[in-house]
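Next comes just one chain, in structure tokens: the form predicted on its own.
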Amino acid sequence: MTLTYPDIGLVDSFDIYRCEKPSITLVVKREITEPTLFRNSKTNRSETQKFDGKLHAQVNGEKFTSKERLTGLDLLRSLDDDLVAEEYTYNEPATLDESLNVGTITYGLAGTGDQDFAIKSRVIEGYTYTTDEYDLMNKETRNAVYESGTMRNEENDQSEALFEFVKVQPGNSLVHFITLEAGTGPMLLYVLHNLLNTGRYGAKETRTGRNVRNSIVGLILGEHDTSLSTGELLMEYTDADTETQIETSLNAYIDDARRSDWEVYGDLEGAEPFPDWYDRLEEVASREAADADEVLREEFDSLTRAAKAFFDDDD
């Protein structure tokens, strides 16, 4: 069974010049399942932001995008050798021709190697913040471990502390608005795949395993810009004094921001249930459908061919 894409929110075909900008915003809940360090300029803790007197960990959207792009690139290489040029490596572009694949035409790329070129990203992932308080007192200390498996050597001396981290603890979460602007159906499928199949984020993620669980709680389609902001949500729709639930705040925010051309689906107040076309899309993107790999390969091959044909004609 093939896929069906919505009538609004997407463009019909790939085009580098985007005169019209229909958009789809995915409302993503990122649940912390293991202690996670979102390190930015601080080496031992996340950057922070206060909303209504409460401290939240602040995370640059690029921290998520880079991990999700790698998930997508790995998928493309596993599906078909022709979907990614053999010479291409992530963030090391040589020429435009070698760099054209679903990942680069969806998330953008700047040529910094043998050839200057630029492909603008269709994916907008802004800053986001933990919905609950970020506890700076909750430090995690790492000591060196000896071959005995303990932190004491043969002389029974205690090893020195190497470093301390302040991680976001399990039970906290982040609401992230991810907008696909002037994207095609296969681009939406690709972004969904990367979101639903990436589970390790932040610094030291090779020591923590899966630490974040993503789920799509809402979908907003519009003929024009549908972008939303987590900062706006936390600044204007939450109240530390009354312990407003984030779900209540999210419903109120989207209800206030809603415009006449929006279609809103999902687990949100006033939204329509997720439509059949989306259920099928998520089933394929999460690779739960029996024919998922076949469909993904066909959709991504079609998009790659369209992009290459466009740039060949543009020479």
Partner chain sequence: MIEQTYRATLYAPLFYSSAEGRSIRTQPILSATALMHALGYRYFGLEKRYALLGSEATSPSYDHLRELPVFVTDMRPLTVDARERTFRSSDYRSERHFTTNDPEIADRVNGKKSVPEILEAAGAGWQTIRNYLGLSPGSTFEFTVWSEDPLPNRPSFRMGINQTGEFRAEEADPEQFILNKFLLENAYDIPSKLLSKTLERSESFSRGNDPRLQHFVDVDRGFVRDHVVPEVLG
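All figures in this text were calculated on a predicted structure; none of them were measured in a lab. Positions refer to the first chain, counted from 1.
Here the subject shifts to the form predicted in complex with the partner chain, a form of this protein not shown in this document.
(request) Within 4.5 Å of the partner chain in the predicted complex, counting heavy atoms only, one of 79-87, 114-122, 214-222, 133-141 shows up; tell me which. (result) It is the stretch 114-122.
(message) Check for me: heavy atom within 4.5 Å of the partner chain in the predicted complex, for each of Y129, E181 and T226, yes or no.
(response) Yes: Y129, E181 and T226 each sit within 4.5 Å of the partner chain in the predicted complex.
(request) May I ask you to check whether E92 falls inside a 4.5 Å heavy atom distance of the partner chain in the predicted complex? (result) Yes - in the predicted complex, heavy atoms of E92 and the partner chain come within 4.5 Å of each other.
(message) Does any part of S99 reach within 4.5 Å of the partner chain in the predicted complex? Heavy atoms only, please.
(response) Contact check for S99: no, nothing within 4.5 Å of the partner chain in the predicted complex.
(request) Check whether L70 has any heavy atom within 4.5 Å of a heavy atom of the partner chain in the predicted complex, and answer yes or no. (result) Although the partner chain is absent here, L70 would touch it in the predicted complex, with heavy atoms inside 4.5 Å.
(request) Find out whether any non-hydrogen atom of I16 is located within 4.5 angstroms of the partner chain in the predicted complex, and reply yes or no. (result) Answer yes; at least one heavy atom of I16 falls within 4.5 Å of the partner chain in the predicted complex.
(request) Counting non-hydrogen atoms within 4.5 angstroms of the partner chain in the predicted complex, say which of E47, E269, E247, E31 makes the cut. (result) By the 4.5 Å heavy-atom cutoff, the listed residue in contact is E47.
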